[in-house]
Structures are given as structure tokens and as C-alpha cells.
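Below, in C-alpha cells: the form predicted alone, a single chain.
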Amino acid sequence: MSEQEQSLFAAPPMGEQERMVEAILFASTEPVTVAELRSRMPHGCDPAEALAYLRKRYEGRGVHVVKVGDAFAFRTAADLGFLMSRETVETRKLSRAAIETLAIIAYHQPVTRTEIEEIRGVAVSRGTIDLLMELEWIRFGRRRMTPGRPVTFVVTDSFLDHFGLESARDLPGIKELRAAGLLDSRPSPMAPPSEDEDEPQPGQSELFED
């Protein structure tokens, strides 16, 4: 006796089975096998035949039903793939600690971790340094010829390129950064000469806005 004869109810019409397959594939984030379709559909359905009809119906459309290994899924037509590609800009908001650390390195490079902590007045977490390294905005400089030979940090060409600077000499003045709320207003024991505060270079106020 066949499965359909064992069923208490007749299988849905093929058109309805096709709609079921379409709905399952559309809602699934992963390709679906025939066995998986069969387990979800009413008893007596023929998902393989429904798939064949569905694939034929989508021929020439913007999306196709394609076979991925032993499974099936909706995919954009190959000749329309270019429409799915677009440039995106990821905006990452830096923490105040990261901004201050980056500014100190930029203005005092090459600078050691201990010197950064002396300027900020607080310890620098490893995560802050790791983030700036991951962004490729800072890198290791030469080791200091002092006891322990501590490593120094300097800004990278990627940092300069990101902010439209030719060199670190083009950085805005400390006073401008403080006015923008990007640096602590307390005096720094290693601050640049006062003329930098009095004569900030224009056009770079967005330096640490990311």
C-alpha cells in the first residue's frame, strides 16, 4: 500500500505543494534539502516534483531556485549580482579613553605607555591600545634606550590618510581639541608649546570624529 493510500487525507494539489515549497525556501536562512521539505509538508506531498515546477516558474526571473549541494535555496540571478553590491561606510564611535590615547600618541610620538598614563593621569587599558592597533591608526615604534627598553607608539600612515593629514605636523591645536570636548581641559605635563594652543590650524576640527 502506498503512503498516499495510508494517509487519512489526500495530498494537497501540486500547485499548493509548490506554494509550500516556495514559502519554506523563502523563509529559510539556509538551503533546504528535499528530506527537510518532506518532513515539514503534509503527508503524501512530493517536494521533489514541487521543486521542479517551482524552479521552472522562476526561470528568467530576478531570483532563481538553485541547488546548493543536496539542498535548494533562492538566489539572485547571476547577471543581476552587481545590483547587490554597494559601498558601505562603517562608523565606529571611539571611547573617550581611546580618543585621548590617540591624541597623546599623535602629539607626543614616539611615546611609551608609561608616558601616556602620566599625561592622562590614569592607567591605559590593553583594550584601548588593541583597538587603535586593530584600526591600524597606531603601531609600535622604536624601543627606548632606557632601562627595560620600553616600546613606543607612533601613528601610522593609515591614521594620517583617514583624517586627511600629510603629516602629524598638520594636527590641530590642543586648544581646538579641548574646545570641541575631545580632550580633558586640565593642563598636561607634556603638552606641546603654548603657541599650538593659541594658533590652532583650521580645517581639522573633525579630526577625532569617527
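Quick note: we count residues from 1 along the sequence shown, nothing fancier. Computed from a prediction, not measured in an experiment: that's the story for all the values here.
We do not show the form predicted together with a further copy of the same chain, though everything after this point is about it.
Remark: Ala71 does not count among the residues lining a further copy of the same chain in the model of the complex, judged by a heavy atom distance of 4.5 Å or less. Contact annotation: Gly44 falls outside 4.5 Å of a further copy of the same chain in the model of the complex, judged by heavy atom distances. Within this chain, Ala11 is remote from the site of a further copy of the same chain in the model of the complex, having no heavy atom within 4.5 Å. For Gly60, a non-hydrogen atom is located within 4.5 Å of a further copy of the same chain in the model of the complex, even though that partner is not displayed.
If you take 143-158 and check each residue for a heavy atom within 4.5 Å of a further copy of the same chain in the model of the complex, you get Arg143, Arg149, Pro150, Val151, in sequence order.
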